[in-house]
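Below you will find one chain, with nothing else, as structure tokens; this is the form predicted on its own, and questions on how it binds or moves follow later.
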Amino acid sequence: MLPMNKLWLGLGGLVVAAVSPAAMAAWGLNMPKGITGISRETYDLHMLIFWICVAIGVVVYGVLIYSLFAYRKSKGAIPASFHHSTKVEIVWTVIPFVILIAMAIPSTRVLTQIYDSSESDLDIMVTGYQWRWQYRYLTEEGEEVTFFSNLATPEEQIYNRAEKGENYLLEVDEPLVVPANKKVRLLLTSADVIHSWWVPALSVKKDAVPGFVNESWFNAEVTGTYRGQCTELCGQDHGFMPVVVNVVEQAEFDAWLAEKQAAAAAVAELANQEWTLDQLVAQGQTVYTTFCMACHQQNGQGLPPAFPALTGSAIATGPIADHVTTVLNGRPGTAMAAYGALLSPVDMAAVITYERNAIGNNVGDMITPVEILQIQAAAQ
């Protein structure tokens, strides 16, 4: 057993750690005020309802505690014998009704604003996938911008082989970028299961449901980086599906959008270039790490029976046409999703070639982006 002085020292250390500023910041219980007008109004409404509930609690429990002491049996209190009081029933009906009306008026005003997504300056389609977000900027002019936002926390941190970073599980390779002081409308849907897009600082939390398009909006007034997560239990990697939003000035956003449009045009041109097997394998490794590794694992051994191994499998070592069909269209009734709409022809050809010539496989064949384009055109 520990000596008493060491025991008390240890307990004291725990208390100091618990009340330290860093610990207190991590244990914040109230909702944030946020950086949008709606988020502040939501916070004010929350605090108004909270204090109304506190006042009701004080009155109810105050009367209860007073009654317990003032009318206790030891003081000779005799209970009343009446069974009905019209005045009391009117009072306890009217007072709650007035309180509810007082709460409903500001609530209705805020909810009306939350659901008013009209007259937006920028529309973005948000599609949830297991386990990443796809953002598509619906611009009226210029090249359309579409990209995926994937978890960027290194695997070494997740499996405790390295020290965890400041934004552990809340960092992505491609954040959503929006201009400050502009109304951004989000059109949310899902390609597989129900997800939920949530960023507390923006006061946005909206489900992404397969087959439906939900709407939400925000107008960020302060530049910076704001983080959130998927808040719907969407599968084994639910906790690895963060949301990161970068709010920038309009000029910086315009430059970023132009750069993305140019990159999209460059990717389209790459599909028509000549590719060697080594080039496709190198490109495919990046694609595999981003889209395939969570299920099939880094070494291709998978997690049977839900996620079968690719190493030595009939798909990865058999006819390449079957491999292409599986990756393009998925396999109904299994966890294998269709990647035809997710990957560019270059990435599609690269990851298929990589799976056939890496992770323990050495088939020696390849498929080019041009061939992927031809297969997709024939299927339409």
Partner chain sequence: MRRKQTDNTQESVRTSHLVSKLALVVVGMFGFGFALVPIYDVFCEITGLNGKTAGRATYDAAVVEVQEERLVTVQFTANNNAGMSWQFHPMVNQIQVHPGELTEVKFYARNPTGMTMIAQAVPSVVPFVAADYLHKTECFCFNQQTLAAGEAIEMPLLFYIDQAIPDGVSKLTLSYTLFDVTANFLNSSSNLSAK
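Each form is matched to the other, and the largest set of C-alpha atoms that superpose within 1.5 Å is called the rigid core. Residue numbers count along the first chain shown, from 1. Model, not experiment: these values are computed from the prediction.
One more form of this protein should be noted, the form predicted together with its partner chain, which is absent from this view; the next part is about it.
Chemist: Residues in which of 285 to 293, 252 to 260, 211 to 219, 172 to 180 have heavy atoms within 4.5 Å of its partner chain in the predicted complex?
Modeler: Answer to the contact question: 211 to 219.
Chemist: Heavy atom within 4.5 Å of its partner chain in the predicted complex: which of T225, T139, Q279, Q301?
Modeler: None of the other options qualify; the answer is T139.
Chemist: To verify the annotation, which of these, A191, A309, A152, V248, has a non-hydrogen atom within 4.5 Å of its partner chain in the predicted complex?
Modeler: None of the other options qualify; the answer is A191.
Chemist: Give a yes or no on whether every one of I315, I320 and V324 sits within 4.5 angstroms of its partner chain in the predicted complex by heavy atom.
Modeler: Checking in the predicted complex: none of I315, I320 and V324 is within 4.5 Å of its partner chain.
Chemist: Check S344 for me: does it contact its partner chain in the predicted complex (non-hydrogen atoms, 4.5 angstroms)?
Modeler: Residue-level check for S344: no, no contact with its partner chain.
Chemist: So, in the predicted complex, is S118 in contact with its partner chain at a 4.5 angstroms heavy atom limit?
Modeler: Contact with its partner chain, yes.
Chemist: L270: heavy atom within 4.5 Å of its partner chain in the predicted complex?
Modeler: Contact check for L270: no, nothing within 4.5 Å of its partner chain in the predicted complex.
Chemist: Considering non-hydrogen atoms and a 4.5 Å limit, does its partner chain approach A264 in the predicted complex?
Modeler: Residue-level check for A264: no, no contact with its partner chain.
Chemist: After the core is overlaid between this form and the one not shown, has the C-alpha of G34 moved by 2 angstroms or more?
Modeler: Shift of 2 Å or more: no.
Chemist: Determine, after fitting the two forms on their core, whether V324 shows a C-alpha shift of 2 Å or more between this form and the one not shown.
Modeler: Yes, shifts by 2 Å or more.
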